[in-house]
Ligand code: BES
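What follows is a single chain, given as structure tokens, in the form predicted on its own.
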Amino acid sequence: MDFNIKSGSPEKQRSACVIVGIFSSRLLSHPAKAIDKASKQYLSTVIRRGDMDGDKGQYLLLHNVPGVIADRVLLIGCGKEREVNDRNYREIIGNSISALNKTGALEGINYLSELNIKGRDLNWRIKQAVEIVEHTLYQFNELKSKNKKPRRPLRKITFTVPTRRELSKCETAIKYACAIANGVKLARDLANYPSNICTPSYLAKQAIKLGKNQNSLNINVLEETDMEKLGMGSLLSVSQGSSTPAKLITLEYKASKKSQKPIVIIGKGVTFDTGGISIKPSQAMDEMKYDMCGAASVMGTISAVAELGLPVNIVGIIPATENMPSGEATKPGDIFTSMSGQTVEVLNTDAEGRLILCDAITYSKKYNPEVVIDIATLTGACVVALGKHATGLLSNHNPLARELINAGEESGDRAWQLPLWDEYQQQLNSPFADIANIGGRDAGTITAACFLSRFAEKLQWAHLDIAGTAWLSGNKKGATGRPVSLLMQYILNKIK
């Protein structure tokens, strides 16, 4: 998609379509009023007839509006003017793009970026709009034998600003938004591929490909023999049931001074999770290809950082494996020694994400990180607690947690903090090992994070549980690309 920015009156725009907003109770936005004046109250007349009330979700396409140069005018319902907040703005932009895409217009000029939102400047509105456009138009059709492209695909969107002096800053906002949108798309694509294609080896190859395209990246892939030498018994306990070997992938980006400690992001990369010997029920098991969405988000974030050339040091670590049942698979009750030296009793082989992440967290210490953030589709309990709207956040460092929550609010990719109190740790006690890999039915998301915290001592660490936010089911089934936007906003805030 080609994005542009410009200023000017809507009735004077030579375009296939001009998009303006209508508020509830048939109130015209300022751009709509300009068109109404130029057309001698044509819009007012149409709206008075009852064709549109301005409620959110409504739209009305008009052709050959008098006094307007554009071929079409698309009216978008914005709801009550005083209720246009962050969430509603994103929804309105998405609605406008969906409606425009149905018209057959190849391009359009969108005046909805001029809507007033309390506490949000024009740069924020432009950046959000670009990301929403790409998210709305995303499709994954690569594996369809009849992958027909739209007859008249939408190619160009122009967003508007009130005056010319705002053009330069908003062009920068478009640049940043496009890089983030590309990172989100990469994460969605990787996650949407089936597990017979997206294996640990495939993830490693995609990382190497990314490194070849971005000279600022250094890629390293450890094999199982390398992990054995490092003592990663916990990670390897998950992969031993699969005929597909595990990989430990690192992506290093260095664009700041050497003395600057890196941000380390770790993504769970279970490319298919059967549950192992503690096998999952068959219903919706196909969605367990999404158990590598944490890994996909790391790849997407690193890609966006490299595309923008941000002045930061960042390391991505991806422990990638399958979790399969076989004669070689881990059995409940087995005990393994992690890279940290701590022993783990595996009471449930379907609690495997924490087993690969704990060794990756220990491995991250070699980089002397400023902070460590792990991202994982870790617990069904997080879906029960927070649904599909918020990512679960737990941390041993409150300032880091606040920074991530603020980044989530700003980006619209929100997280909600859960407690990480010492009282929960006793649920992980084992009579035979240093720690059990599950803590019982109660507080499953918290005890999973408590497990990881045992390996993150002396680190400023946060855990993002994206089990509820990484993908959607039903008729909108597919990966969301979360939390790439949150992570990118966190990084951008760090370098301001």
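Not measured: the values here are computed from a predicted model. In case it trips you up, residue 1 is the first one in the sequence shown, and so on.
The following text describes the form predicted together with the named molecule, which does not appear among the structures shown.
J.: Within a 4.5 Å heavy atom cut-off, is Trp471 in contact with the named molecule in the predicted complex?
T.: Within the cut-off, so yes.
J.: Can Ser326 be called a contact residue for the named molecule in the predicted complex at 4.5 Å between heavy atoms?
T.: Because no heavy atom of Ser326 falls inside 4.5 Å of the named molecule in the predicted complex, the answer is no.
J.: Does the named molecule come within 4.5 Å of any heavy atom of Glu352 in the predicted complex?
T.: Within the cut-off, so yes.
J.: Any chance Ala467 has a heavy atom within 4.5 Å of the named molecule in the predicted complex?
T.: Although the named molecule is absent here, Ala467 would touch it in the predicted complex, with heavy atoms inside 4.5 Å.
J.: Give a yes or no on whether each residue among Met1, Ile132 and Glu134 has a heavy atom within 4.5 Å of the named molecule in the predicted complex.
T.: Contact check failed for every one of Met1, Ile132 and Glu134.
J.: If we take heavy atoms and a 4.5 Å cut-off, which stretch out of 165-173, 198-206, 373-381, 185-193 is in contact with the named molecule in the predicted complex?
T.: Partner-contacting stretch among the options: 373-381.
J.: Taking 4.5 Å between heavy atoms as the contact cutoff, choose which of Lys280, Arg120, Lys254, His397 touches the named molecule in the predicted complex.
T.: Spelling it out, the residue with a heavy atom inside the cut-off is Lys280.
J.: Name the single residue among Asn85, Asn348, Gln342, Ser98 that comes within 4.5 Å of the named molecule in the predicted complex, judging by heavy atoms.
T.: Comparing distances to the named molecule in the predicted complex, the residue within 4.5 Å is Asn348.
J.: For the stretch 261-289, I need every residue with any heavy atom inside 4.5 Å of the named molecule in the predicted complex, listed N to C.
T.: Read in sequence order, the residues that approach the named molecule (within 4.5 Å, in the predicted complex) are Lys268, Asp273, Lys280, Met288.
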